[in-house]
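Encoded as C-alpha cells, the following chain is the form predicted on its own, with no partner shown.
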C-alpha cells in the first residue's frame, strides 16, 4: 500500500514538473509566472574501451559505456519543483551493474511559507554529523541513497530548527525494502535566550532519533523489525576556538555487515580547532563500535546506508599519495587526527621574500578492544551478543597511519612551488578485505610547480615518487599541464610501476588529455590507461578496475 502511494506521488510530481516546464516558455513576462526561475545542469561521462591483458583491463562487449544525467529545477514564489533524469548505457566499469537503462529516480516538490517547509518526493538530509542519518549523493563512488517520501522543516523561533523525515531509500532505479523515520532538533542557545545574545561564548545543542522498519523473514533468527538509533551533539565557539562533539547509540541490529550479532552500537566523534591569522590547529578523534546502519539488513557494499561515519584521516588529492586511502570501518575502529598549519613570515631567512605555508598532519586508526562474551563462544559468533568491548581501550591491530608534511611557497611573482612528504601504513587485509596481505609501508614524495606565463597562460609540472617493499612496490609519476585561461588546457602524465617484481608488469600508465571551457560548458577528451585501485571520498570507498581507452566528459549548467 505504501509503495503504491509513493508511486502515485512520483507520477504526480513528474506530471506537474513537465506541465510547468512546457507552459513556462509560452508565458509573457507579465503573466502568472513572472519571477519564476529555471536552472539545472547536465553531465556525460563516456569511455571507449580496449582490452589490455597486461594491466587486467577486461574486454567490454559494448565497446562504449556511458553514465549521464541532467537536473532541471523550477522555482516560483514559495514553490520549487525539480527532477533528475539518469541514463546508463551501460554503466562505466567500476560502477554497480544495477545502474542500467534510463529513468527519473529523483523528483521532488517543495513548498515554504511562514518558517514551515514541506518536501514531497526525493530529498537529501543530514542530522548532526550524520552518524545516525545522512542521505547524500557522491557520483565518483556511485552512491545515491536519496530518501523518497516526506520531509518537514519548521523554525518556530529564531535559533530553533525542527526536522522530520519518513520514506524509503533509493536503490538504483528502485527503493530499498525498509522504511526510515527520523526527527532532529537544533537549538542555538544564544539566539533562544536573550541573556546569552551578547555572550562571546556561542553554544549549539542538538538531538536526533532515527528508526527503520523491515519485516523479519529470517528462518533461523528472531530479528528486530524496528531498530532505533539516538544521537546528541554539542558545539562551542569563542573567537578562534571551535569545539564539537557528538555521541550516537543504536539498538542491536543483526545484519550481514556485523555477521548477525545482537549487540548494540555506539559512536563518539570529537573535534577541536584553533585558527588565527597565520596559524591553525585541528584535532579530531572518534570511536566506532558496531555502527553499521542500513535500511536492508542483508545489504552490503555501499547499498542503503542510513548513516555516515566521518573520517579522521587526511584526504589526499595527488595520485600516488591517494593510492592507499582509508575506508572507515563501521564494525569497530578508534582513530584520531591532528593537523597543524602555520605561515612563516615573508622577508625572513626561512620564509623567503613571499612567505611560506607549512602543513603537518598525523592520523591513525586502530581496531577496538574486543573480548569473548563466553570462553566457548568466539568473538563475533553469529546469533550471539558478539563480544564485550571496553569503551576507552584501543585494540592491538593497526588499520592505518599517515604522517605528512607539505610546504607551499611562492618563489617569484610568476613561480609557485609545493613539496610534500607522506609516510603511510596501510592494512590491506582490513581495508580491502584480503586475508594474506602484508601491511603496506609507503614513502611518497611530491613536487608541484606552477609557472604563470604572459597572456593568462600557465605551465604546471608535477613529479611524484612512491617507495614501498610491499604490494606492487615502487612507482614514479610525472605530469605537465599547459593552460590558456579561461578556455583551454592540455596535459600529459605517466604513472610508471618500475619497481614491480614481475618485469612484464613494469607498466607505464600514461594519459593524454585536453579540454575546453566556455561559460557554463566544459568539454574534455583523454586517452590513457587506468591502474586498478581504490578511490575514496570521506572515508567511503569503491574499487576501480583497470581500464584502457578514450574518455569523454561533458558538463553544462544553466
Partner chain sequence: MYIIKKILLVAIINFFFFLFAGCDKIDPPYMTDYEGGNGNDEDVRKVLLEEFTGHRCPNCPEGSQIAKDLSNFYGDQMIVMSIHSGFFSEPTTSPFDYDFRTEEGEAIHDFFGVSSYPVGMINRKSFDADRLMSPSAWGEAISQIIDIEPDLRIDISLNLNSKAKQLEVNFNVHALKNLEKQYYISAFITENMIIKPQRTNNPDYPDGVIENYEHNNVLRKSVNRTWGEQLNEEPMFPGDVFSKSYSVYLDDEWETENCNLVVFVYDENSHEIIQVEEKPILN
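Treat the numbers as computed from the prediction; the structure is a model and nothing was measured. Numbering follows the first chain given and starts at 1.
The following text describes the form predicted together with the partner chain, which does not appear among the structures shown.
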Please pick out the stretch from 464-472, 213-221, 337-345, 73-81 that is in contact with the partner chain in the model of the complex, where contact means heavy atoms within 4.5 Å. 213-221
Should residue 183 be classed as touching the partner chain in the model of the complex when contacts are defined as heavy atoms within 4.5 Å? yes
Whether residue 239 contacts the partner chain in the model of the complex should be assessed with a 4.5 Å heavy atom distance threshold; does it? no
Taking heavy atoms and a 4.5 Å cut-off, does residue 331 contact the partner chain in the model of the complex? no
Does residue 300 make contact with the partner chain in the model of the complex, using a 4.5 Å heavy atom cut-off? yes
Pick from 358, 285, 243, 209: which has a non-hydrogen atom within 4.5 Å of the partner chain in the model of the complex? 209
Please identify the residue among 202, 367, 90, 259 with any heavy atom within 4.5 Å of the partner chain in the model of the complex. 259
Suppose contact means any heavy atom within 4.5 Å; which members of 139-172 contact the partner chain in the model of the complex? 154, 156, 157, 160, 162, 171
